[in-house]
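This document opens with one chain alone, in structure tokens, the form predicted on its own.
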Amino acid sequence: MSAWNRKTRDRLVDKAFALAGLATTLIGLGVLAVLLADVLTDGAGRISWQFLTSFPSRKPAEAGFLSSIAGSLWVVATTVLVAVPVGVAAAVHLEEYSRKNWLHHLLEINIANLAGVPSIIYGLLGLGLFVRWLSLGRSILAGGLTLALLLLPMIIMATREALRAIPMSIREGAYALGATKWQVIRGQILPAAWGGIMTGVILSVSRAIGETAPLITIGALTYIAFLPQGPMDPFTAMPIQIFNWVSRPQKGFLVNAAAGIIVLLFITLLINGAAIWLRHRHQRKIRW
């Protein structure tokens, strides 16, 4: 095959790949738009102050979402407080302090594998470790710790990738000025990598707030007519309440489920938006 024919073939392959990528993206966006339109059509009319500030009820018209919203916020806050410091510290140790020996590679392989483990496995682990062995019961703390285990591999991997993206010249320049390893990490590496770290945390929190299987496995309740006051109180969560409403035969509960999905999406976008704003605000302060 001549050079001209190879160049023509490569151009055709490039165009075909670009069109295939564009078609796949449009199909995904189209399906998402249809699903969102269906949910908004069914549930937008149900959203009201009464729906957001009422507790669950056996009557669809009187049922509310308040205890589920409060439970989800409690669990996600507990998860972030546990998973982010531990995950970032583990990543810094593996990337900056750990020697590259067989134990290091073994940990890398296991962390990567743990990121792909189904979430219900973490639920079973949380049930055995936190609910039964540590006797935390069906509490917010048990739910938060279980979701923290689920998010840790993702946070560690995202943080390590963010640390690797920092140019080696930044480290060498700081060492040349007499800084210690901890001073380099605290003053140069972590501030520069914070954008990538926040991206990993945002994606992890988005997954945590929509998780249902681990919370059902550890025994989170589906009907709570009070607000949790502390980390040892029982709880329910938005995905569990939606799952409960979808399983009811009455049509009114299906409308409630659609309204609950809209609230869940809004809170997820609100948390992500706040985190992205914090990330960009922090990155503007970085001066090399």
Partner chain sequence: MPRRFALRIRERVVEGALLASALFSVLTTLGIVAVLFFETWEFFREVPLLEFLTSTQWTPLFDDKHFGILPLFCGTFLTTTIAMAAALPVGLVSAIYLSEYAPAGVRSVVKPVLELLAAVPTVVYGYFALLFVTPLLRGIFPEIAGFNALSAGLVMGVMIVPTISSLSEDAMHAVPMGLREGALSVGATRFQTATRVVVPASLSGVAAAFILGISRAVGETMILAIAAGMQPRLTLNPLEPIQAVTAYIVQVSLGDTPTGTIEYKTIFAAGMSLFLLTLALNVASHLLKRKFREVYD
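Positions refer to the first chain, counted from 1. Everything numeric in this text was worked out from a predicted model, so none of it was measured.
Missing here is the form predicted in complex with its partner chain; even so, the following discussion is about that form.
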- prompt: Considering its partner chain in the predicted bound form, which of 174, 73, 192, 124 comes within 4.5 Å of it through any heavy atom?
  reply: 124
message: Under a 4.5 angstroms heavy atom criterion, identify the one residue in 29, 232, 44, 61 near its partner chain in the predicted bound form.
response: 29
Its partner chain in the predicted bound form: contacting segment from 259-267, 223-231, 63-71, 45-53, heavy atom within 4.5 Å: 259-267
message: At 4.5 Å by heavy atoms, is each residue in 187, 201 and 278 next to its partner chain in the predicted bound form?
response: no
task: Could you confirm whether residue 77 comes within 4.5 Å of its partner chain in the predicted bound form, counting heavy atoms only?
output: no
- prompt: Going by a heavy atom distance of 4.5 Å, is residue 89 a contact of its partner chain in the predicted bound form?
  reply: yes
- prompt: Is residue 167 close enough to its partner chain in the predicted bound form to count, meaning some heavy atom within 4.5 Å?
  reply: no
- prompt: Wondering, does residue 135 line up within 4.5 Å of its partner chain in the predicted bound form on heavy atoms?
  reply: no
In the predicted bound form, residues of 35-49 near its partner chain [heavy atom within 4.5 Å]: 35, 38, 39, 42
statement: Against the displayed form, residue 229 vs residue 271 by Cα, in the predicted bound form, with 3 angstroms or more change: pair is farther
statement: Distance flag for residue 277 and residue 36 (Cα, change 3 Å or more) in the predicted bound form: the two residues are closer
